[in-house]
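Below you'll find only one chain, the form predicted on its own, shown as structure tokens.
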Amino acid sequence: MVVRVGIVGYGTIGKRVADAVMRMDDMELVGVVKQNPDYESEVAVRKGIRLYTYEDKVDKFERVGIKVSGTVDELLRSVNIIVDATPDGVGAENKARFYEPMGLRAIFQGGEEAEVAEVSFNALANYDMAIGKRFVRVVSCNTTALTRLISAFLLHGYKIRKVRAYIVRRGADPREFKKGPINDVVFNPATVPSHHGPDVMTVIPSVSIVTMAVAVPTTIMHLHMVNIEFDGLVSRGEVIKVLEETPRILLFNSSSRKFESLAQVIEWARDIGRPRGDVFENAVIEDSVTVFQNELFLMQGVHQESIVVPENVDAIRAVMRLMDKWSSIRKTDEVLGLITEGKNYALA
């Protein structure tokens, strides 16, 4: 079965999901929805992607010479599933306006409230819960990274007492020139816990997690400083082995391989030929991995622009019942060029 996919929203996440879907042999990208004609619209058309817009905006595109293939309604009538990659809150509006009345299945992003979907999704943590569901929410970049890290240990049979995570957020994505602190550290938000911990619990309800966050003037990546307390002693060697074996987690060593900043992680991705320099994996700083009896401390980088892309692909497969969890994760990773060497795609 080849699933016909439409994408509403063609920005930071939407265009990456579009590229990923086009590479999958069990999916067909029918088209994407844009509200305004801009350079991203032109790029989409040049890539051969069919562009759709709202009926009252067709003239705007045609006036600047950007060809549209039709209206939103026409796209929605010709797909099996929608990936909604619109700004925060718009997905919920689209659900009520389009997806529910038309009987469509939809994947939402982490900017939406959990209530927009039947399941908040992370492939490693709860793929099976999304199988056959109509509405699924792929959690945010920070929640995805934390959930992957926690799942790595749960999948290897470790019991976790609690998690404490301190998040240094990028101020804005590189393309968002009107956002972010310029010369400041912003309490983001100035409450404890930040929303990230409760969001992790929408995927893994059993975990005890508290998070705090600040935003700083950078566009590169987020940085997490994580403390995990286990129910029993662990060794650094055990932790390293777990991280090495878990898909979508990579170790970056500063002492031997000279990874000393997150900018170098992005540069590594560019150098190995990743599109846009995307880092789809959790970038765990190996030298930071420290164990005291039953407590683990580590730092990890999170590339906010791309980390949720594999999850969107897997969510499509789960909703459409295309394949089982590990078959989907392996297929997604191999096609998108994630590092698969040494990874275990048969974790219990």
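Keep in mind it's a predicted model, so treat the numbers as computed, not measured. Sequential numbering from 1, following the sequence displayed.
Below: the form predicted together with nicotinamide-adenine-dinucleotide (NAD), not depicted.
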Would Thr246 sit within 4.5 Å of nicotinamide-adenine-dinucleotide (NAD) in the predicted bound form, counting heavy atoms only?
-> no
Find out whether any non-hydrogen atom of His196 is located within 4.5 angstroms of nicotinamide-adenine-dinucleotide (NAD) in the predicted bound form, and reply yes or no.
-> no
Report whether the minimum heavy atom distance between Val90 and nicotinamide-adenine-dinucleotide (NAD) in the predicted bound form is within 4.5 Å.
-> yes
At the 4.5 Å heavy atom threshold, is Val8 in contact with nicotinamide-adenine-dinucleotide (NAD) in the predicted bound form?
-> yes
Assert contact_stretch over 75-83, 165-173, 263-271, 181-189 against nicotinamide-adenine-dinucleotide (NAD) in the predicted bound form, heavy atom within 4.5 Å, equals 165-173
Consider the chain as shown here, without its partner, and state which of Ala123, Leu149, Val119, Cys141 has a heavy atom within 4.5 Å of nicotinamide-adenine-dinucleotide (NAD) in the predicted bound form.
-> Cys141
Select from 109-133 the residues with a non-hydrogen atom within 4.5 Å of nicotinamide-adenine-dinucleotide (NAD) in the predicted bound form and write them out in sequence order.
-> Gln109, Gly110, Gly111, Glu112
